[in-house]
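Here's a solo chain for you in C-alpha coordinates, the form predicted alone.
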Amino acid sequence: MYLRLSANPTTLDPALIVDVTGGSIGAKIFNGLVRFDENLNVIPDIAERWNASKDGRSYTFHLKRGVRFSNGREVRASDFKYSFERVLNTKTKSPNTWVFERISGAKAYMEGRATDVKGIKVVGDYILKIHIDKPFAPFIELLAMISAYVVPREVVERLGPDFAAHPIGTGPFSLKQWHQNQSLVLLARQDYFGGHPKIKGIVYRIIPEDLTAVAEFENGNLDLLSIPSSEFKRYTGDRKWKGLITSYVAPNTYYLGLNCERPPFNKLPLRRAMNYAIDVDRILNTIYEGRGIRALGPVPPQLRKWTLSKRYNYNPEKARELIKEAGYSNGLSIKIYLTSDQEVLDILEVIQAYLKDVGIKAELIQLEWSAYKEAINRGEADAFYLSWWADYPDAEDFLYPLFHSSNIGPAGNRARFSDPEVDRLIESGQAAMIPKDRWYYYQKAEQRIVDMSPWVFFWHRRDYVIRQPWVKGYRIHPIYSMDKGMEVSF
(Lines give C-alpha, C1' and ligand atoms only; values in the text may rest on other atoms or scores of the structure.)
Protein backbone atom coordinates (compact mmCIF):
# COMPACT_ATOMS: atom_id res chain seq x y z
CA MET A 1 0.00 0.00 0.00
CA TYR A 2 1.28 3.45 -0.93
CA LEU A 3 0.49 6.36 1.38
CA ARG A 4 1.52 9.99 1.56
CA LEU A 5 3.24 11.85 4.37
CA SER A 6 3.49 15.61 4.06
CA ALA A 7 6.62 15.76 6.22
CA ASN A 8 9.45 13.52 7.31
CA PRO A 9 8.74 11.82 10.68
CA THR A 10 10.77 13.29 13.51
CA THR A 11 11.38 9.97 15.26
CA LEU A 12 10.05 6.42 15.47
CA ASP A 13 11.18 5.89 19.06
CA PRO A 14 8.01 5.47 21.20
CA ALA A 15 9.70 7.23 24.12
CA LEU A 16 10.14 10.35 21.98
CA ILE A 17 7.09 10.40 19.68
CA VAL A 18 4.69 13.28 20.32
CA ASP A 19 3.17 13.86 16.86
CA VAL A 20 0.43 12.22 14.82
CA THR A 21 2.73 11.25 11.95
CA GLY A 22 5.20 9.40 14.16
CA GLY A 23 2.39 7.93 16.23
CA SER A 24 0.45 6.53 13.29
CA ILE A 25 3.58 4.78 11.96
CA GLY A 26 4.73 3.71 15.42
CA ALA A 27 1.38 2.01 16.06
CA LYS A 28 2.15 -0.41 13.22
CA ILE A 29 5.62 -1.25 14.53
CA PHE A 30 4.93 -1.52 18.28
CA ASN A 31 2.37 -2.72 20.83
CA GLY A 32 1.50 -2.02 24.44
CA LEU A 33 -0.14 -3.94 27.24
CA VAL A 34 -3.58 -2.72 26.15
CA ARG A 35 -5.19 -0.89 23.24
CA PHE A 36 -8.51 0.69 22.24
CA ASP A 37 -11.27 -0.98 20.26
CA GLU A 38 -13.52 0.84 17.81
CA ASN A 39 -15.85 1.92 20.64
CA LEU A 40 -12.87 3.41 22.50
CA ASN A 41 -12.97 0.73 25.17
CA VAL A 42 -9.69 -0.58 26.59
CA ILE A 43 -9.04 -4.15 25.45
CA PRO A 44 -6.08 -6.57 25.68
CA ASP A 45 -3.04 -6.19 23.46
CA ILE A 46 0.10 -7.95 24.70
CA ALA A 47 -1.59 -8.39 28.09
CA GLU A 48 -4.21 -11.15 27.78
CA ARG A 49 -5.98 -9.94 30.93
CA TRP A 50 -5.60 -7.68 33.92
CA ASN A 51 -7.28 -6.74 37.16
CA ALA A 52 -7.29 -3.61 39.31
CA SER A 53 -7.46 -3.37 43.08
CA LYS A 54 -10.57 -1.96 44.75
CA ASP A 55 -8.77 1.21 45.78
CA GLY A 56 -7.81 1.91 42.15
CA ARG A 57 -4.07 1.98 42.89
CA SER A 58 -2.76 -1.43 41.85
CA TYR A 59 -2.94 -3.21 38.49
CA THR A 60 -1.82 -6.74 37.65
CA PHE A 61 -1.22 -7.66 34.00
CA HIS A 62 -0.90 -11.22 32.69
CA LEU A 63 1.02 -11.27 29.40
CA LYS A 64 0.32 -13.45 26.39
CA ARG A 65 2.98 -16.05 25.73
CA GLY A 66 4.77 -16.27 22.40
CA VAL A 67 4.62 -12.53 21.52
CA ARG A 68 7.88 -11.73 19.75
CA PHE A 69 9.82 -8.69 18.69
CA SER A 70 10.66 -8.57 15.00
CA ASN A 71 14.17 -9.80 15.86
CA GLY A 72 12.62 -13.06 17.08
CA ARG A 73 12.96 -12.64 20.85
CA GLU A 74 9.95 -13.28 23.06
CA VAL A 75 8.52 -10.40 25.07
CA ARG A 76 8.72 -10.72 28.84
CA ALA A 77 7.34 -8.65 31.71
CA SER A 78 10.84 -7.29 32.31
CA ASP A 79 10.71 -5.66 28.87
CA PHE A 80 7.77 -3.53 29.96
CA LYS A 81 9.52 -2.53 33.16
CA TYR A 82 12.57 -1.49 31.14
CA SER A 83 10.48 0.37 28.54
CA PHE A 84 8.51 2.34 31.13
CA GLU A 85 11.60 3.19 33.16
CA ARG A 86 13.38 4.22 29.97
CA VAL A 87 10.75 6.90 29.37
CA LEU A 88 11.25 8.16 32.93
CA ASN A 89 15.05 8.05 32.72
CA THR A 90 16.36 11.60 32.34
CA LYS A 91 19.04 10.36 29.92
CA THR A 92 16.32 9.45 27.43
CA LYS A 93 15.06 13.06 27.41
CA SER A 94 11.54 11.85 26.77
CA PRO A 95 8.79 14.49 26.59
CA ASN A 96 6.33 11.80 27.72
CA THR A 97 7.37 11.27 31.33
CA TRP A 98 3.95 12.51 32.46
CA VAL A 99 2.43 9.23 31.25
CA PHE A 100 4.22 7.27 34.00
CA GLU A 101 4.99 9.80 36.70
CA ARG A 102 2.00 8.70 38.80
CA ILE A 103 3.60 5.30 39.34
CA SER A 104 4.97 4.88 42.85
CA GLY A 105 8.68 5.64 42.93
CA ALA A 106 8.74 7.38 39.55
CA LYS A 107 9.78 10.71 41.02
CA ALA A 108 12.61 9.20 43.07
CA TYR A 109 13.86 7.37 39.98
CA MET A 110 13.73 10.52 37.83
CA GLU A 111 15.65 12.45 40.47
CA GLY A 112 18.33 9.78 40.72
CA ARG A 113 17.38 8.74 44.26
CA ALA A 114 16.49 5.19 43.21
CA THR A 115 17.91 2.69 40.73
CA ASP A 116 14.48 1.54 39.57
CA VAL A 117 10.79 2.41 39.86
CA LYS A 118 9.50 0.54 42.88
CA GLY A 119 5.91 0.68 41.66
CA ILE A 120 6.71 -1.50 38.62
CA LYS A 121 7.16 -5.11 39.73
CA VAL A 122 8.08 -8.10 37.58
CA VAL A 123 6.49 -11.27 38.94
CA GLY A 124 7.96 -13.99 36.77
CA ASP A 125 8.23 -13.78 33.00
CA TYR A 126 4.58 -13.06 32.24
CA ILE A 127 3.16 -11.05 35.14
CA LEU A 128 3.65 -7.32 35.64
CA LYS A 129 2.31 -5.35 38.60
CA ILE A 130 1.97 -1.57 38.63
CA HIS A 131 1.18 0.49 41.72
CA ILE A 132 0.31 4.19 41.50
CA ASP A 133 0.53 6.74 44.30
CA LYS A 134 -3.14 7.71 44.24
CA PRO A 135 -6.25 6.75 42.30
CA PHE A 136 -6.26 8.08 38.73
CA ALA A 137 -9.28 7.07 36.67
CA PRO A 138 -7.71 7.22 33.16
CA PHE A 139 -4.54 5.34 34.14
CA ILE A 140 -5.41 2.20 32.19
CA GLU A 141 -6.02 4.40 29.13
CA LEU A 142 -2.54 5.89 29.45
CA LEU A 143 -1.11 2.42 29.00
CA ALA A 144 -2.61 2.30 25.49
CA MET A 145 -0.52 5.30 24.48
CA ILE A 146 2.47 5.19 22.16
CA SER A 147 4.94 5.97 24.93
CA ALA A 148 3.79 2.78 26.71
CA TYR A 149 4.84 0.55 23.80
CA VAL A 150 7.38 -2.13 24.62
CA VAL A 151 10.92 -2.04 23.19
CA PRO A 152 13.78 -4.60 23.38
CA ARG A 153 16.47 -3.49 25.79
CA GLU A 154 19.38 -5.15 24.01
CA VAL A 155 18.58 -3.39 20.71
CA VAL A 156 18.00 0.01 22.30
CA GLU A 157 21.26 -0.16 24.21
CA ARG A 158 23.19 -1.38 21.17
CA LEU A 159 21.86 1.31 18.83
CA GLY A 160 21.56 4.20 21.28
CA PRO A 161 20.04 7.28 19.59
CA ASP A 162 19.96 5.39 16.27
CA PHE A 163 17.05 3.32 17.61
CA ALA A 164 14.83 6.26 16.64
CA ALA A 165 15.57 5.52 12.98
CA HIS A 166 15.93 1.71 13.24
CA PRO A 167 13.12 0.63 15.58
CA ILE A 168 12.42 -2.97 16.55
CA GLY A 169 8.97 -3.74 17.94
CA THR A 170 6.27 -6.37 18.27
CA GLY A 171 3.82 -4.87 15.76
CA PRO A 172 2.32 -6.29 12.56
CA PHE A 173 4.91 -4.44 10.48
CA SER A 174 8.66 -3.95 10.69
CA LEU A 175 10.72 -1.12 9.26
CA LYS A 176 12.64 -2.16 6.15
CA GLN A 177 14.14 1.19 5.17
CA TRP A 178 13.83 4.89 5.75
CA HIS A 179 15.23 7.32 3.23
CA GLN A 180 15.07 10.63 5.07
CA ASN A 181 12.70 13.15 3.44
CA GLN A 182 11.90 10.67 0.66
CA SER A 183 10.20 7.47 1.77
CA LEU A 184 9.70 4.99 4.57
CA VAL A 185 8.94 1.31 3.95
CA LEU A 186 7.26 -1.15 6.31
CA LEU A 187 7.03 -4.89 5.66
CA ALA A 188 4.21 -7.07 6.98
CA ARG A 189 5.25 -9.67 9.55
CA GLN A 190 4.06 -13.23 9.13
CA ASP A 191 4.71 -14.06 12.79
CA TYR A 192 2.60 -11.27 14.31
CA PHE A 193 0.70 -12.55 17.34
CA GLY A 194 -2.46 -10.70 16.29
CA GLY A 195 -2.73 -12.40 12.87
CA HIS A 196 -1.42 -11.63 9.41
CA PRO A 197 -1.82 -8.22 7.75
CA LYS A 198 -3.77 -8.45 4.49
CA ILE A 199 -1.21 -6.37 2.63
CA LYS A 200 2.48 -7.08 2.01
CA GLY A 201 3.66 -3.75 3.34
CA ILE A 202 3.27 0.01 3.44
CA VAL A 203 5.31 2.55 1.53
CA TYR A 204 5.05 6.06 2.97
CA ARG A 205 6.11 8.58 0.36
CA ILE A 206 7.09 11.96 1.73
CA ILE A 207 5.42 14.50 -0.55
CA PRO A 208 5.27 18.02 0.92
CA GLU A 209 3.35 19.62 -1.99
CA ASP A 210 -0.40 18.99 -2.18
CA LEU A 211 -0.52 19.34 -5.97
CA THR A 212 2.14 16.68 -6.40
CA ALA A 213 0.32 14.35 -4.01
CA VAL A 214 -2.97 14.83 -5.89
CA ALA A 215 -1.29 14.09 -9.22
CA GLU A 216 0.31 10.97 -7.78
CA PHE A 217 -3.05 9.79 -6.42
CA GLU A 218 -4.87 10.36 -9.69
CA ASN A 219 -2.11 8.52 -11.56
CA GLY A 220 -2.70 5.55 -9.27
CA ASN A 221 0.60 5.89 -7.43
CA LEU A 222 -1.04 6.46 -4.03
CA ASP A 223 -3.78 4.22 -2.64
CA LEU A 224 -5.19 6.69 -0.12
CA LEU A 225 -5.07 10.45 0.13
CA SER A 226 -6.16 12.85 2.83
CA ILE A 227 -7.99 15.38 0.66
CA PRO A 228 -6.19 18.75 0.55
CA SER A 229 -8.40 21.78 1.06
CA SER A 230 -7.69 22.96 -2.48
CA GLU A 231 -9.27 19.79 -3.87
CA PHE A 232 -12.11 19.35 -1.39
CA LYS A 233 -14.93 20.74 -3.55
CA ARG A 234 -13.75 18.95 -6.66
CA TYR A 235 -13.57 15.50 -5.08
CA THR A 236 -16.75 15.77 -3.00
CA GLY A 237 -18.67 17.05 -6.02
CA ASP A 238 -17.41 14.43 -8.48
CA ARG A 239 -19.58 11.31 -8.93
CA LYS A 240 -16.49 9.30 -9.83
CA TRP A 241 -14.95 9.84 -6.40
CA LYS A 242 -17.87 10.70 -4.11
CA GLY A 243 -18.54 7.10 -3.09
CA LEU A 244 -14.86 6.55 -2.32
CA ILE A 245 -14.61 9.22 0.37
CA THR A 246 -14.60 8.43 4.10
CA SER A 247 -15.02 11.16 6.71
CA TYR A 248 -14.97 11.40 10.48
CA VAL A 249 -14.69 14.14 13.10
CA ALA A 250 -11.81 12.80 15.16
CA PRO A 251 -11.21 13.95 18.76
CA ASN A 252 -8.86 16.81 17.95
CA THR A 253 -8.64 20.56 18.50
CA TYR A 254 -6.98 23.16 16.27
CA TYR A 255 -5.81 26.37 17.85
CA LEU A 256 -3.51 29.36 17.81
CA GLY A 257 -1.30 29.03 20.87
CA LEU A 258 -0.23 32.22 22.65
CA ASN A 259 3.02 32.27 24.62
CA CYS A 260 1.74 33.22 28.08
CA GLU A 261 5.17 33.22 29.69
CA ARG A 262 6.50 36.51 28.33
CA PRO A 263 5.36 39.73 26.63
CA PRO A 264 3.17 40.46 24.89
CA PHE A 265 0.83 37.55 25.66
CA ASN A 266 1.58 37.38 29.36
CA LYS A 267 -1.20 39.98 29.55
CA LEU A 268 -4.70 38.51 29.77
CA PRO A 269 -6.50 41.40 28.00
CA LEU A 270 -4.32 40.92 24.94
CA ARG A 271 -4.99 37.19 24.83
CA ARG A 272 -8.71 37.86 24.97
CA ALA A 273 -8.30 40.49 22.28
CA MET A 274 -6.88 37.84 19.97
CA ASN A 275 -10.03 35.76 20.42
CA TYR A 276 -12.27 38.71 19.58
CA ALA A 277 -10.13 39.89 16.65
CA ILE A 278 -10.41 36.76 14.52
CA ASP A 279 -13.67 35.72 12.86
CA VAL A 280 -13.22 32.00 13.38
CA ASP A 281 -16.72 31.10 12.19
CA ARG A 282 -16.15 32.86 8.87
CA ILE A 283 -12.77 31.19 8.34
CA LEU A 284 -14.28 27.80 9.15
CA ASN A 285 -17.18 28.25 6.73
CA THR A 286 -15.22 29.85 3.87
CA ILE A 287 -11.54 29.06 3.46
CA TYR A 288 -11.90 25.91 5.59
CA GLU A 289 -15.08 24.98 3.68
CA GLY A 290 -16.98 23.77 6.72
CA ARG A 291 -14.62 20.84 7.27
CA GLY A 292 -14.99 20.89 11.01
CA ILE A 293 -16.96 21.94 14.08
CA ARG A 294 -16.36 25.25 15.88
CA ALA A 295 -14.35 24.76 19.07
CA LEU A 296 -15.82 26.37 22.17
CA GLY A 297 -12.82 25.29 24.23
CA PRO A 298 -10.03 22.72 24.11
CA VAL A 299 -12.13 19.58 24.77
CA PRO A 300 -13.67 17.91 21.67
CA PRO A 301 -17.45 17.41 21.80
CA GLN A 302 -17.14 13.59 21.78
CA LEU A 303 -15.25 13.73 25.07
CA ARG A 304 -17.10 16.59 26.78
CA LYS A 305 -19.75 15.27 29.15
CA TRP A 306 -20.97 18.75 30.06
CA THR A 307 -22.17 21.90 28.35
CA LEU A 308 -19.91 24.85 27.61
CA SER A 309 -21.29 28.19 26.50
CA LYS A 310 -19.65 30.13 23.70
CA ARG A 311 -17.26 32.68 25.18
CA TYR A 312 -16.07 34.59 22.13
CA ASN A 313 -17.71 36.02 19.05
CA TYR A 314 -16.02 38.13 16.40
CA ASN A 315 -15.87 41.67 17.81
CA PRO A 316 -13.02 43.85 16.46
CA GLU A 317 -14.13 46.87 18.51
CA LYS A 318 -13.88 44.83 21.70
CA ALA A 319 -10.47 43.60 20.55
CA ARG A 320 -9.21 47.17 20.06
CA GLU A 321 -10.43 48.13 23.55
CA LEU A 322 -8.61 45.20 25.13
CA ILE A 323 -5.42 45.95 23.20
CA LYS A 324 -5.44 49.45 24.67
CA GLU A 325 -6.20 48.03 28.11
CA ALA A 326 -3.14 45.81 27.76
CA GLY A 327 -1.01 48.91 27.21
CA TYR A 328 -0.62 48.82 23.43
CA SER A 329 -2.46 51.97 22.37
CA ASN A 330 -0.18 52.31 19.33
CA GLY A 331 -0.54 48.68 18.33
CA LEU A 332 2.12 45.98 18.46
CA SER A 333 4.05 43.48 16.37
CA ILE A 334 4.13 39.72 16.92
CA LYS A 335 5.67 36.67 15.27
CA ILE A 336 3.41 33.72 14.45
CA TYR A 337 5.14 30.42 13.70
CA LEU A 338 3.61 27.87 11.34
CA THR A 339 4.60 24.78 9.42
CA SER A 340 5.48 24.77 5.73
CA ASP A 341 1.99 23.69 4.75
CA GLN A 342 0.03 25.62 2.12
CA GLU A 343 -3.34 25.19 3.80
CA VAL A 344 -1.97 26.48 7.09
CA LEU A 345 -0.37 29.44 5.31
CA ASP A 346 -3.67 30.30 3.63
CA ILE A 347 -5.45 30.30 7.00
CA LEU A 348 -2.74 32.33 8.71
CA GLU A 349 -2.73 34.94 5.97
CA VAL A 350 -6.44 35.53 6.62
CA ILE A 351 -5.74 35.71 10.36
CA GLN A 352 -2.89 38.11 9.62
CA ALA A 353 -5.38 40.44 7.92
CA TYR A 354 -7.83 40.26 10.84
CA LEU A 355 -5.06 41.13 13.29
CA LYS A 356 -3.83 44.02 11.16
CA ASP A 357 -7.36 45.47 11.26
CA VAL A 358 -7.18 45.81 15.07
CA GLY A 359 -3.60 47.10 15.20
CA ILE A 360 -1.56 43.91 15.52
CA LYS A 361 1.13 43.44 12.90
CA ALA A 362 1.81 39.71 12.58
CA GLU A 363 4.90 38.36 10.88
CA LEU A 364 4.45 34.79 9.66
CA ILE A 365 7.45 32.51 10.07
CA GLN A 366 7.28 29.19 8.24
CA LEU A 367 9.51 26.30 9.28
CA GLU A 368 9.70 22.63 8.31
CA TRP A 369 8.10 20.37 10.91
CA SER A 370 11.15 19.36 12.97
CA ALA A 371 12.51 22.90 13.23
CA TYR A 372 9.02 24.23 13.91
CA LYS A 373 8.38 21.82 16.76
CA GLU A 374 11.76 22.55 18.30
CA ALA A 375 11.14 26.29 18.14
CA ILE A 376 7.74 26.16 19.85
CA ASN A 377 8.99 23.65 22.41
CA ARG A 378 11.65 26.20 23.38
CA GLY A 379 9.05 28.96 23.65
CA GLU A 380 10.59 30.92 20.78
CA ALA A 381 7.29 31.91 19.15
CA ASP A 382 4.90 34.65 20.28
CA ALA A 383 2.09 32.60 18.78
CA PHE A 384 1.85 29.36 16.82
CA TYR A 385 -0.68 27.32 14.85
CA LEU A 386 -1.05 23.75 16.08
CA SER A 387 -3.48 20.94 16.83
CA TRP A 388 -3.82 18.31 19.53
CA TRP A 389 -5.18 14.85 18.82
CA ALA A 390 -6.43 12.47 21.48
CA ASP A 391 -3.92 9.91 22.67
CA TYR A 392 -6.64 8.36 24.82
CA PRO A 393 -10.41 9.02 24.81
CA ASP A 394 -10.78 11.15 27.91
CA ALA A 395 -11.24 14.90 28.39
CA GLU A 396 -8.28 14.77 30.76
CA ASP A 397 -6.04 14.30 27.70
CA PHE A 398 -7.03 17.79 26.51
CA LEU A 399 -6.62 19.39 29.92
CA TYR A 400 -3.64 17.98 31.80
CA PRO A 401 -0.98 17.75 29.04
CA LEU A 402 -1.98 21.04 27.44
CA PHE A 403 -2.66 23.31 30.40
CA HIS A 404 -1.18 21.93 33.61
CA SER A 405 1.89 23.94 34.61
CA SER A 406 3.99 20.78 35.06
CA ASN A 407 3.82 20.15 31.31
CA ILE A 408 5.16 23.47 30.03
CA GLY A 409 7.20 22.87 26.88
CA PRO A 410 7.55 19.65 24.87
CA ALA A 411 5.14 17.66 27.07
CA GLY A 412 2.21 19.54 25.54
CA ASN A 413 1.76 22.90 27.26
CA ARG A 414 3.46 24.84 24.49
CA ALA A 415 1.48 27.97 25.31
CA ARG A 416 3.50 27.91 28.55
CA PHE A 417 0.32 28.59 30.48
CA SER A 418 0.39 28.45 34.28
CA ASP A 419 -2.56 28.97 36.59
CA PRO A 420 -2.76 27.40 40.10
CA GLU A 421 -6.55 27.19 40.00
CA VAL A 422 -6.54 25.32 36.69
CA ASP A 423 -3.88 22.97 38.10
CA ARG A 424 -6.04 22.33 41.18
CA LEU A 425 -9.20 21.65 39.18
CA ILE A 426 -7.45 19.26 36.80
CA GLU A 427 -5.84 17.38 39.68
CA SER A 428 -9.19 17.13 41.50
CA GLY A 429 -10.77 15.67 38.38
CA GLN A 430 -7.96 13.17 37.96
CA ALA A 431 -8.47 11.85 41.49
CA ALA A 432 -12.27 11.61 41.27
CA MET A 433 -13.23 7.99 40.58
CA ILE A 434 -16.95 8.74 40.18
CA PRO A 435 -17.52 10.01 36.59
CA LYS A 436 -19.94 12.81 37.51
CA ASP A 437 -17.47 14.21 40.01
CA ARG A 438 -14.71 14.15 37.43
CA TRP A 439 -16.89 15.94 34.90
CA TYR A 440 -17.69 18.65 37.44
CA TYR A 441 -14.02 19.48 37.93
CA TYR A 442 -13.20 19.21 34.24
CA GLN A 443 -16.05 21.55 33.34
CA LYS A 444 -14.76 24.12 35.80
CA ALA A 445 -11.22 23.69 34.49
CA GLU A 446 -12.22 24.06 30.85
CA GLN A 447 -14.34 27.15 31.53
CA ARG A 448 -11.48 28.81 33.37
CA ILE A 449 -9.05 27.93 30.58
CA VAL A 450 -11.36 29.56 28.05
CA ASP A 451 -11.65 32.65 30.24
CA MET A 452 -7.86 32.83 30.65
CA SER A 453 -7.45 32.49 26.86
CA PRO A 454 -4.05 30.86 26.38
CA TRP A 455 -5.29 29.87 22.92
CA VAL A 456 -7.48 31.22 20.18
CA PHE A 457 -9.86 28.25 19.89
CA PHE A 458 -10.51 27.29 16.26
CA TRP A 459 -12.22 24.01 15.36
CA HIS A 460 -12.38 20.25 15.60
CA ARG A 461 -11.41 19.05 12.15
CA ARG A 462 -13.35 16.56 10.07
CA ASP A 463 -11.03 14.30 8.13
CA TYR A 464 -11.80 13.34 4.53
CA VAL A 465 -9.83 10.50 3.01
CA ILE A 466 -10.25 9.37 -0.59
CA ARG A 467 -9.31 5.87 -1.65
CA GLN A 468 -8.72 4.09 -4.91
CA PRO A 469 -11.51 1.73 -6.07
CA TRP A 470 -9.32 -1.30 -5.39
CA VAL A 471 -8.82 -0.49 -1.69
CA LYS A 472 -11.04 -2.59 0.57
CA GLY A 473 -11.74 -2.43 4.30
CA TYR A 474 -10.43 1.08 4.92
CA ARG A 475 -11.89 3.22 7.70
CA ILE A 476 -10.78 6.25 9.65
CA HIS A 477 -10.01 5.47 13.27
CA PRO A 478 -11.10 7.87 16.05
CA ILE A 479 -7.56 7.87 17.50
CA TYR A 480 -4.62 7.67 15.13
CA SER A 481 -2.73 5.08 17.19
CA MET A 482 -5.61 2.59 16.81
CA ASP A 483 -4.79 1.85 13.17
CA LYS A 484 -2.56 -1.21 13.00
CA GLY A 485 -2.95 -1.56 9.25
CA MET A 486 -4.59 -4.96 9.66
CA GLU A 487 -7.96 -4.32 8.00
CA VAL A 488 -7.04 -2.92 4.60
CA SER A 489 -6.80 -5.19 1.57
CA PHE A 490 -6.86 -4.95 -2.23
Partner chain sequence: MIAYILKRLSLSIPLLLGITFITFALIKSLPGDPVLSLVGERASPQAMEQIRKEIGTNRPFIAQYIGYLRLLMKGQMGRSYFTNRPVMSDLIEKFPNTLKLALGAMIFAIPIGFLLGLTAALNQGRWADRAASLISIGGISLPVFWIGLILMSVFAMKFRWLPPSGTGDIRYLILPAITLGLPSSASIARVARTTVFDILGQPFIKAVRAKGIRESGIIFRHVLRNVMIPLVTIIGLDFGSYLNGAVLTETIFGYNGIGRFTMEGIIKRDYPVVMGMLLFGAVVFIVINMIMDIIYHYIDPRLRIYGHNK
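From a predicted model like this one, the values you see are computed outputs, not experimental measurements. Residue numbers count along the first chain shown, from 1.
Absent from the display: the form predicted together with the partner chain. The rest refers to it.
- Although the partner is absent from this view, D397 contacts the partner chain in the predicted bound form, with a non-hydrogen atom inside 4.5 angstroms.
- For the chain shown alone, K134 is not a contact residue for the partner chain in the predicted bound form, no non-hydrogen atom being within 4.5 angstroms.
- Shown alone here, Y312 lies farther than 4.5 Å from the partner chain in the predicted bound form, counting heavy atoms only.
- Looking at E216, you'd find a heavy atom of it within 4.5 angstroms of the partner chain in the predicted bound form.
- With the partner omitted here, the stretch from 258-266, 76-84, 397-405, 169-177 that lies within 4.5 Å of the partner chain by heavy atoms in the predicted bound form is 397-405.
- Residue-level contacts in the predicted bound form: of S229, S418, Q182, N285, one residue has a heavy atom within 4.5 Å of the partner chain, and it is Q182.
- The contact residue chosen from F139, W98, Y126, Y354 relative to the partner chain in the predicted bound form is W98, the criterion being a non-hydrogen atom within 4.5 angstroms.
- If you take 73-95 and check each residue for a heavy atom within 4.5 Å of the partner chain in the predicted bound form, you get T90, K91, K93, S94, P95, in sequence order.
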